[in-house]
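Shown below, as structure tokens, is a lone chain in the form predicted alone; questions about how it binds or moves come after it.
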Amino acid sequence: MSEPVTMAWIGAGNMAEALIRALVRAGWSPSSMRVSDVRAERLEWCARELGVVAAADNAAAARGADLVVLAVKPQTMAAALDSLRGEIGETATVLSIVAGVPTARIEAALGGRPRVVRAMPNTPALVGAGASAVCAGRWADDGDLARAETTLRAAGRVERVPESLMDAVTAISGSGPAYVLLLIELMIESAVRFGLTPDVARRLVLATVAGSARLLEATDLDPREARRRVTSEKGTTDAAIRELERHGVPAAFASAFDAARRRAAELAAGA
């Protein structure tokens, strides 16, 4: 699919910046992107550092754009949508990366029959290693989904899911980097406590986590089977896993994932 003639970014936060940078690395022209933000200094920075076009306001950014990306904070979404009502073309794709806002709410606020695609990216998009899921709203078609996927794929993997599963996506891949980062944090702390220098500990732990993911990708092994193969009976890994199970760590993680999914559902309901 070819690059949209014009792309509008409503909001210029970290995730918008990450995606813009990824698209530029992939060969898209920053001059085809108009950006609006409530913070004048941030807007000036984006124009200077990213090469995008600073728009006077949300409506000016969206007017005539082929793709309108909603990248504002959830608490400012209502005001942003109100400013865009009647300003988005009938054939434009509206891509929302705002957490917890259902497509129906966006459609109702914009009026008419907007082609809304909802996405849940995550922070590794900052380095082109993100994981995103997308779902179509009532009036979005396969072309709109493809346009959204092309945009998000510049920053990592993209999967299509029904909107009923977006809360699950939020709990697993949306919040997921924090779970992995917590484990990394604890591993590094223990390595330093055992006597390794912080620099060596960090390098070893990061290589271990990245290598484990690459192992699963390269072999298609089930994670349980891959773990079984590196866990010798009565060995060091076996001792560690038994201790984790004794302290209820697997159950605690499952409970944490459930809590994140419930909170995502509450946000989607406006709570």
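We number the residues from 1 along the sequence you see. All values derive from a computational prediction rather than experimental measurement.
Omitted from view is the form predicted together with a small molecule, to which the following refers.
Q: Check each of 97, 106, 92, 166 and return the one that places a heavy atom within 4.5 angstroms of the small molecule in the model of the complex.
A: After the contact test, the surviving option is 97.
Q: Could you tell me which one of 128, 74, 111, 143 places a heavy atom within 4.5 Å of the small molecule in the model of the complex?
A: When the small molecule is considered in the model of the complex, the option within 4.5 Å is 74.
Q: From the candidate stretches 133 to 141, 79 to 87, 149 to 157, 181 to 189, select the single one in contact with the small molecule in the model of the complex, where contact means a heavy atom within 4.5 Å.
A: Checking each option against the 4.5 Å cut-off leaves 79 to 87.
Q.
At 4.5 Å between heavy atoms, is residue 120 in contact with the small molecule in the model of the complex?
A. Yes - in the model of the complex, heavy atoms of residue 120 and the small molecule come within 4.5 Å of each other.
Q: Report yes if any heavy atom of residue 227 sits within 4.5 Å of a heavy atom of the small molecule in the model of the complex; otherwise report no.
A: No - in the model of the complex, heavy atoms of residue 227 and the small molecule never come within 4.5 Å of each other.
Q. Is residue 242 one of the residues lying within 4.5 Å of the small molecule in the model of the complex, judged by heavy atom distances?
A. Contact with the small molecule, no.
(Q) Check residue 38 for me: does it contact the small molecule in the model of the complex (non-hydrogen atoms, 4.5 angstroms)? (A) Yes, residue 38 lies within 4.5 Å of the small molecule in the model of the complex.
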